[in-house]
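Take a look at this single chain in structure tokens; it is the form predicted on its own.
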């Protein structure tokens, strides 16, 4: 895998130094895709998935039980394909929850863990830092949905309301730069540095974006969750800090998931 990474870096370096011309953007995009494909054969997130599986099955917390009875939306203990049908309405809490909020809910209700402790620091920070238990559990759970078709439900009124709020937030402009999510993800041909940006107004682009998060970020040496992705988008917009597991975050993920209907999950993916 080390040789592949070295070769991949060389490919990107060559792409960056290509002579300027009308096809530079297309050529660079192709080289970046080659880079991702070379790394995908040895995705470091696979090691995190294995750790997450161990945590899922381990008896933990004051109640000394595992998470194997957790209902993520398809029934107690069922994990195959769950990430493709979340966020969704849960009658036991009378609200819409995404994968990460439901996972925390199960840790509190089943294992007796303290919610404040679980949400205090869900993400690893510095490069090379050991990834959190939350990230490991998410990596395991989303890995169980590879190949599943996205079908975020919209049958319940609260699911429909979450979608509508998410749509409004996606297009809401604010912050010092007057940005919205749609500023970057509402038009064709948008780019940031070497990264092409998916347009959520196009089904194929929405599917490509939603089905490849969570993802391993090579530049950070860490797997990042969907909640982190939304949080970082707010940071880049210079908007107020998005609270982990907030209703706003779940609503945005709901909107994205509904727009990505029938896409095929391929997570954790590889990102630059």
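Numbering follows the first chain given and starts at 1. Quantities reported herein were computed from a predicted structural model and do not represent experimental measurements.
Unshown form predicted together with a small molecule; subsequent notes refer to it.
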**Asked** All three of 66, 90 and 106 touching the small molecule in the model of the complex at 4.5 Å, heavy atom to heavy atom?
**Response** no
**Prompt:** Considering the small molecule in the model of the complex, which of 123, 140, 163, 170 comes within 4.5 Å of it through any heavy atom?
**Reply:** 170
**Message:** I need to confirm a contact call. Of 154, 151, 180, 80, which residue comes within 4.5 Å of the small molecule in the model of the complex, counting heavy atoms only?
**Reply:** 180
**Message:** Test of understanding: in the model of the complex, would residue 222 fall inside 4.5 Å of the small molecule by heavy atoms?
**Reply:** no
**Prompt:** Closest heavy atom of residue 113 to the small molecule in the model of the complex, within 4.5 Å or not?
**Reply:** no
**Message:** I'd like to check something about residue 85: if you look in the model of the complex, is any of its heavy atoms closer than or equal to 4.5 Å to a heavy atom of the small molecule?
**Reply:** no
**Message:** With a cut-off of 4.5 Å between heavy atoms, is residue 97 one of the residues that contacts the small molecule in the model of the complex?
**Reply:** no
